[in-house]
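Here you get one chain, nothing else, as structure tokens; it is the form predicted alone.
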């Protein structure tokens, strides 16, 4: 793991070198910029904070701007910086969600806005438990591949919260940079705090589908998707990237991967859950 130090607020000075990565919002603005600097890296969130990360990613110093609140800093660190830090340390981290089905884990990956968190919340309020939202950590050290429990909360749009979350759900305080809300785990939204063996991965893609469609994809196609959703701090570190690629290739070969398309309508989620649960059970029996 790493240690996080919150420093005194300061203005964001111009960084001299060209960034090695940028994250662009749908409106074209920069959400985050990553620079390589002497001794490590800087992840800048314009208008909010700079996170200075040591080269080995064992220490992180946060330099907020004066107006940034503590909850905003914690959220950015937990959901944006920490997955990059863990990836730099050698963990397999991805942009995805996971739920427990039986004693297994099912993972959902896809671009932002395709319904991963909504699907996770749908499971978590209908007899299942969720394992992770957004920052997905995979443990491939042993004979089995496990999903590591993440933070016990789910972040989603208000329409999904209004449609799916129970009235007694614990909603965290709002954040300045997003209109999304965060729902904490509790009695009615159940969290699994133990690792679970990864049974299958579902890549969410076509949101205009007229019905639920599930298609097994080849390992080569799955590999491309795994890589697209990886958290990698330094994409120019050839040794790190090569090692990550090798491990992800094994995942794509070992774990059944599917393309999942379904209509993005709340009344369809029951059918989606049923298809996924049946599929996980059939894969488990086949194994």
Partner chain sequence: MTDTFTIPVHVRAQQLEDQMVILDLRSGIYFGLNLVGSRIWELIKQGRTADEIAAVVVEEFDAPANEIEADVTALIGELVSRKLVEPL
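Residue numbers count along the first chain shown, from 1. Just so it is clear, the model here is predicted, and its values are computed rather than measured.
Although it is not shown, the form predicted together with the partner chain is what the next lines describe.
(request) Flag this candidate site as yes only if 224, 238 and 245 all have a heavy atom within 4.5 Å of the partner chain in the predicted bound form; otherwise mark no. (result) Verified in the predicted bound form; spot residues all in contact, yes.
(request) Mind telling me which stretch in 62 to 70, 38 to 46, 214 to 222, 257 to 265 gets its heavy atoms within 4.5 Å of the partner chain in the predicted bound form? (result) Selected range: 214 to 222.
(message) Taking any heavy atom pair closer than or equal to 4.5 Å as contact, tell me whether residue 54 reaches the partner chain in the predicted bound form.
(response) Residue 54 lies outside the contact set for the partner chain.
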